[in-house]
Each structure stands twice: as C-alpha cells, then as structure tokens.
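Next comes just one chain, in structure tokens: the form predicted on its own.
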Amino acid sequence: MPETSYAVLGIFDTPNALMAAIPKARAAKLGAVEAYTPYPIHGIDEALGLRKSPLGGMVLVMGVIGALTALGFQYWISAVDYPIITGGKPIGSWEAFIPIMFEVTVLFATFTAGLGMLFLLNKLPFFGHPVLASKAITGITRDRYVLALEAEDEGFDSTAAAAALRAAGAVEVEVLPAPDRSPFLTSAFILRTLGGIFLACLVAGVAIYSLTKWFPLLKPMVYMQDQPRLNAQKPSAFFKDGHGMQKPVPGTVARGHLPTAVGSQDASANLVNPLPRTPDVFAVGKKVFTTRCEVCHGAVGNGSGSLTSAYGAKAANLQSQQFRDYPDGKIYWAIVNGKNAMPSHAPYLSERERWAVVHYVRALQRAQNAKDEDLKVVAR
C-alpha cells in the first residue's frame, strides 16, 4: 500500500496555517514538499526551498539566438548570396533587418517559453496529474490551501506522512494512489484518434454541404456568380437604354479639376483664372516663377534670363505687347502644353500653381508697364 501511493495531501483553512506547516513538513523529511493554492502566496517559494525558475533565462538566451539568426540570414542573402544596392545604401545595412530580427526574436522566445514550460519544467506529456483527480481539488480552486508530501522513491510511507501533516495542523488528510504511467501513445490510441478526426471531418463536410444546398441564399453563403454587378461592355436591364456602360452627365467635371482646352484658341476663349488676386496666391506664383521660369524669362519676364547662347533658343519676352494682350487662358495653355522650345510644365505643377504663376506674370507686366492710375500721390 505505501509503495503504491503518489502523495499525501494535507488541507488547511488559511494561508497562514499553510505557511506555518511548511517548515514542519520539510523537517520530517518524508518526501518532496509541494503546495497547491488558489492564488499566489508571497514567500511560499522561499519557504518550500524552490529555486528560481530558469524559464526567464531560457527565453532570454533563445531570444538573442533568434535575433542573431535573423541578422545572419538577412546579411547572407543581401550581402553575400544576392547582393542588391537599394537607394545607394551599403549592401550590409543592418537597419533594414530590424523588423525581421524583432519578429524572429519573438518567435524563438515564445516557442521557448511555451515548450520549455510544458515539456522541460512541467514534464509533459504526463497527462492527468493525480492532484487533479483528488477530492481536495475543488477546494484548491476556491478557498483551501493544500500541502503535499509526494513520494520520491518506493519507500514512501503514506501513514507517517499523513500523521506528520496532521501534526502540522492539517484539518483533513487525503492519500493519493500512484498514477498509471503506462505509455499512452499506443497503436490503439493512435488509431482511435485518427478515426475520430476522420469522422469529425466527414460529419462537418456533409453538414456544411447540406446547409449550402438547403439554404443557398442564406447570408453569408451567397455564391460568387450570383453577386450583383455591372459589366461595362454588357447589356444591363437597370438602365433605360439597356447599356451597362453609361456616359457621364453632360457638363460633369471632376471635383478640384478644370478641363484643359485642346488648342490655344479654345484656351483663350474658354479658360478663366479661377484664383483670386490675394497675397497668398501671388506668393505661390512668385515661388513657381522663380523656380521654373526665371532662368529663361528673366526676373521681370523680359526674356533676359541666365541662359547663355549655348541654349540655342530665345526665351519669350513676356513684357512685349503680344503677351500682354494674351488672355490668361492662353498663358495657362502654354504652361500646360509647352510652346516652341519651352516644354510642358504640367507634370511638375499643380493646377493651383499654374494659375498662380499666371497671376504673377500679370503682376510683372503691370509693374513694368504702369499706368497713370497706378501712380499714387502722397500728400505732404
């Protein structure tokens, strides 16, 4: 009987009684001393003589190994096996490796924490711990505190262990029989498991197939081919003309954009500068003119830029009467489409910047060709 016992449990009503009984149980030296409580009790690890868990150190070591592994693989791929220069950076730029290093560090650390705790520290696969089948387990999970003397060898004396726990103050004692440690991965167990998995998959497949047949339109079980859609090149009964592709409403213009005329004559007749003459608009126009126009047309737009004769073309004098008579739309058209040797600036300027520089050109023309009404007499 004693040699077939796994442990003797002593049940206590309070954590203080449990803590007071631990030194007495350890002094009896009748077996390994272990405690089971519904919540952590401060100082119980030291009282039981348990060493600090090595799990933290294991996680740290494997995390560092994971980071170095990711760094090594990425460096080998990027700098040795298939070197690629990206953005002019060195092929061994470790800064780009940090996201993958972080992910692999977490991967190694997480697997180490989980598998290390289960297989190395908790000694799995030992399923069905005897304490889980004890009568005291219901109290352990609520408001009882248990001190166990566990067998370390075949000479374990459960009677003496029970007496020692009663003497230490246990209100109740329970003897646990030794568990059946026969291998569980037998051929019969494997066959039963595989058969159960196969049967579950079969039942689930038949059930889902039957449901989709019985309720084909039950959301979200809607077939892809039954989804309402509009094919551009196919007929459609939704519109009166029977066409799937419809023209935009007449006069439709995309919000925030103005249509660009096809030719200069259309631009002269139809395009009107939509921006107000405000200091902010003139500031934008001046910046654009200084950056993109001044090099050819000059600071005041008189065609005397900083280009030499090597340019091979003569920039337009925007101060001439011809360009002063140009409508705003015609200047805008030249900016968008280019004119003579001047290329199009449309890819580099937004619509607001194009119209703003038109305003600024008008300001330069007015400044160089001031009228009498532009002169102000200041009374002294």
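Don't overthink the numbering: it's just position in the shown sequence, from 1. So that the term is clear: the rigid core is the largest set of C-alpha atoms that superpose within 1.5 Å between two forms. Just so you know, these numbers come straight off a predicted model, no measurement behind them.
We do not show the form predicted together with a small molecule, though everything after this point is about it.
- For the candidate set L50, A341, I65, L55, a heavy atom within 4.5 Å of the small molecule in the predicted complex is found for exactly one residue, namely A341.
- Just one of H129, R277, R166, R292 comes within 4.5 Å of the small molecule in the predicted complex, counting any heavy atom, and that one is R292.
- Contact annotation: the small molecule lies within 4.5 Å of heavy atoms from the stretch 320 to 328 in the predicted complex, the single such stretch among 66 to 74, 320 to 328, 25 to 33, 42 to 50.
- Heavy atoms of R352 never reach within 4.5 Å of the small molecule in the predicted complex, leaving it off the interface.
- When contacts are judged by a 4.5 Å heavy atom cut-off, V173 does not count as touching the small molecule in the predicted complex.
- The small molecule in the predicted complex comes within 4.5 Å of a heavy atom belonging to A334.
- The small molecule in the predicted complex is approached by A313, whose closest heavy atom lies within 4.5 angstroms of it.
- With the core superposed, L307 shows a C-alpha displacement of at least 2 Å between the shown form and the other one.
- The rigid-core alignment places the CA of G66 less than 2 Å apart between the shown form and the other one.
- After superposition on the rigid core, the Cα atom of V173 is displaced by less than 2 Å between the shown form and the other one.
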